[in-house]
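What follows is one chain in structure tokens, specifically the form predicted alone.
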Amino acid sequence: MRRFFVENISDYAILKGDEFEHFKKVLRGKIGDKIICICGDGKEYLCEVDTIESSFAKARVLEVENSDKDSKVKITVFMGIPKGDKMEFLIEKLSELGVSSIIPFESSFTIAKPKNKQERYRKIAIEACKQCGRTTPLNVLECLSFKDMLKLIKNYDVVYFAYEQADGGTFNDAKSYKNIAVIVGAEGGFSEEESKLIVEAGAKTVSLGKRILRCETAPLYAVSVINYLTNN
């Protein structure tokens, strides 16, 4: 059954904007169609469309179920800004892996510069949310400076720093935490001084294996390991 993301749901769900255009023009939706609506509250709403106007459709709620697709462990990925369209790839794949938020940041060796693409990122996150069955889209925050990123480390139960020079370090204690963050660098990695500052701020260095992973591979690896250990 087709899934749609709406801003809020009461007795009815209202399809507007891109969701309405997809329903009407792409799917050729009609009155009487049954759809699943989500709004980020952990529930799935079985609805039946009973009104179609020129700019919106209204669907009456028939049943409400709690979803078991959302992650029980909150995972945030701090990601050094990658080049090209890698951020879009990561939004899609980390959505599928249940990540709560991606927070991009600048560091000494990041090559790409921040871009004002929040609206596009939100659309990608919503589409990935609908595709993989979760009810709350991944949140992509505005890009931070390295200094501001360090200030946020204290907000998590544990922060894992994926560092290619790490001498050991694992995710084995992840099952003890419910609010986890992972720090991954962009293509250029981190300077020695930045690595020192991350550790001093309270992050734990971890190794991602003997081979050097691409910046878009590293967070997928780290989150997959955390999900396995936490049964997330």
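Residues carry their position along the shown sequence, with the first being 1. Please read all numbers here as calculations on a predicted model, not as lab measurements.
Absent from the display: the form predicted together with ligand SAH. The rest refers to it.
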{"property": "Interface segment, criterion being heavy atoms within 4.5 Å of ligand SAH in the predicted bound form, picked from 176 to 184, 38 to 46, 24 to 32, 59 to 67", "result": "176 to 184"}
{"property": "Non-hydrogen atom contact residue 17 with ligand SAH in the predicted bound form at 4.5 angstroms", "result": "no"}
{"property": "Residue contact check: residue 206 to ligand SAH in the predicted bound form, 4.5 Å heavy atom", "result": "yes"}
{"property": "Non-hydrogen atom contact residue 164 with ligand SAH in the predicted bound form at 4.5 angstroms", "result": "yes"}
{"property": "In the predicted bound form, residue 188 touching ligand SAH (heavy atom, 4.5 Å)", "result": "yes"}
